[in-house]
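Just one chain follows, in the form predicted on its own, and it is written as structure tokens.
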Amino acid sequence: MSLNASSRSAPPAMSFSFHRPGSLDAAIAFAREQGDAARFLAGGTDLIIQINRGRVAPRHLISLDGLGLDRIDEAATEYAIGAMVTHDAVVNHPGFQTNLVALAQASAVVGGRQVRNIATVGGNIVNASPAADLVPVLLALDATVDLRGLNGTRSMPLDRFLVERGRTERRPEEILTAVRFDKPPAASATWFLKAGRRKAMEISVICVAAQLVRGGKARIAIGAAASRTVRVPDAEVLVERQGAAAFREAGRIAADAVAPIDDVRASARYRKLLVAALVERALVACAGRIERGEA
């Protein structure tokens, strides 16, 4: 079936073929056959815009709908979010309302309701935008991605999967099938904060995610402050050693560790100030939830 995609501000309309394979293996084989001419289509909220603006011009779109990637699975020790799970499903998932609430907080500010009903977790990850709202939370959870290709399935830490803006370790014919992370212990908490000109339907000026475990692990991840979403190991180690007394210093270390840009939305200096403030606030929020038993 041939579809046309165009907009008033776009270059002349481009034509592409739309394919709905019956299995993951069929999708992978077809992508391998077509090479650079093919793109996988998840929610399409970013890809279709890129096509309309003439930034990419695939001749084949391979839909991942109906291939069993739209489940949130809970095991004894971990969660697995399928690549085709929508952000709205993450917002409303019962398991993400207590010590994993940062997942719901981040997905809740991805576009408007219409976008969240279509946009997918896998697309958010593979797009590799430094400002992707959900990715800092997944980094703070030490998430792992599963990739399926011609030679089977492989897994790697999300932190290694992300390379830089628009680039990941995914091979062209591979499909990101799921993102997995361990269930946190009871005495733990997560928190997500986003600074933008408005709450939703806005690219982050800075976004921050944190996870704390009582007497143990600390994780801090920052979006929109470098060429990719980043963790701040030095700040994490400091919090693990010194606890709440180190929250402010952890924010300062995080601000020094990132390299934001100047653009029309904010200066690099302002972004660094935001990083310092939001990291401290996220850590304080996590600690408060643990102490109040809200985690």
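Start at 1 with the first residue shown and count on from there. Here the structure is a predicted model, which is why all the values come from computation and not from measurement.
Not on display, but discussed next: the form predicted in complex with a small molecule.
Checking D234, D65, D256, D46 against the small molecule in the predicted bound form, a heavy atom within 4.5 Å turns up for just one residue: D46.
Between the small molecule and the residues V109, L162, V91, L141, the one pair within 4.5 Å by heavy atoms in the predicted bound form involves V109.
Shown alone, this chain has one stretch from 149-157, 114-122, 92-100, 219-227 that lies within 4.5 Å of the small molecule in the predicted bound form by heavy atoms: 114-122. Not displayed here, the small molecule is approached by A83 to within 4.5 Å at the level of heavy atoms in the predicted bound form. In the predicted bound form, I175 approaches the small molecule with a heavy atom inside 4.5 Å.
Within 4.5 Å of any heavy atom of the small molecule in the predicted bound form lies no heavy atom of E78. Residue contact with the small molecule in the predicted bound form: I72 places no heavy atom within 4.5 Å of it.
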